[in-house]
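To begin, one chain is listed below as structure tokens, in the form predicted alone.
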Amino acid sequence: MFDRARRDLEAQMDREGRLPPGQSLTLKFPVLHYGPSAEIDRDTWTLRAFGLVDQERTWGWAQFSALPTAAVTCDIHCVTRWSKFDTVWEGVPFREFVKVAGVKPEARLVIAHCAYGFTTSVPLELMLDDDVLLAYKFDGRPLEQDHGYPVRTLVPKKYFGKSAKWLLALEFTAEDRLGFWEQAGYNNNADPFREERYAGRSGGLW
């Protein structure tokens, strides 16, 4: 009965054009990352903005959480073929963060730097969309450790590997660099609806 209900909902999402090709609906929230889950103390956590900014700057939790916040309801799609629908997130809209980061006009890319040296990049233009957050809550509660506590990026229009867990710094740059998963062969553009899973399928640098 439960599996039939899941399949019915999946079929509905497909009819509505919300299920990307090759994806399956999940009602769970799978945990996928390379290596151990990072243990970060929110009280000592900092977020650094550097690169093409007027001046490098660092925010502690109190400063960061005082920035404007918003809630976003969105669908998320993992390159490993699961999709989760109508997820609810809260955090700092990236477009609000840019206002205080002093980003220079020549910046084109945002590279997220995270625990264990993980990086991934997204075009700045896309990061300025209304649904992009520096998220610290999921479903009304602080992020769980396995899902990126205390802060992660949320970039719903890309496969979920572009929504980087355990965020520590944001680098603004004019030139792209392949991140952790992209160096391992995953597509750098990562559009779920174009099924850009692996490099070689419109998957070069921007």
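Quantities reported herein were computed from a predicted structural model and do not represent experimental measurements. Residue indices: 1-based, along the sequence shown.
Here the subject shifts to the form predicted together with a small molecule, a form of this protein not shown in this document.
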Quick one: from 140, 60, 30, 68, grab the residue that has a heavy atom within 4.5 Å of the small molecule in the predicted bound form. 30
Quick one: from 150, 161, 179, 156, grab the residue that has a heavy atom within 4.5 Å of the small molecule in the predicted bound form. 161
The small molecule isn't shown here, but in the predicted bound form, which of 90 to 98, 121 to 129, 77 to 85, 103 to 111 has heavy atoms within 4.5 Å of it? 77 to 85
Please run the contact check for residue 146 against the small molecule in the predicted bound form: heavy atoms, 4.5 angstroms, yes or no? yes
Even though the small molecule is not shown here, does residue 166 get within 4.5 Å of it in the predicted bound form, heavy atoms only? yes
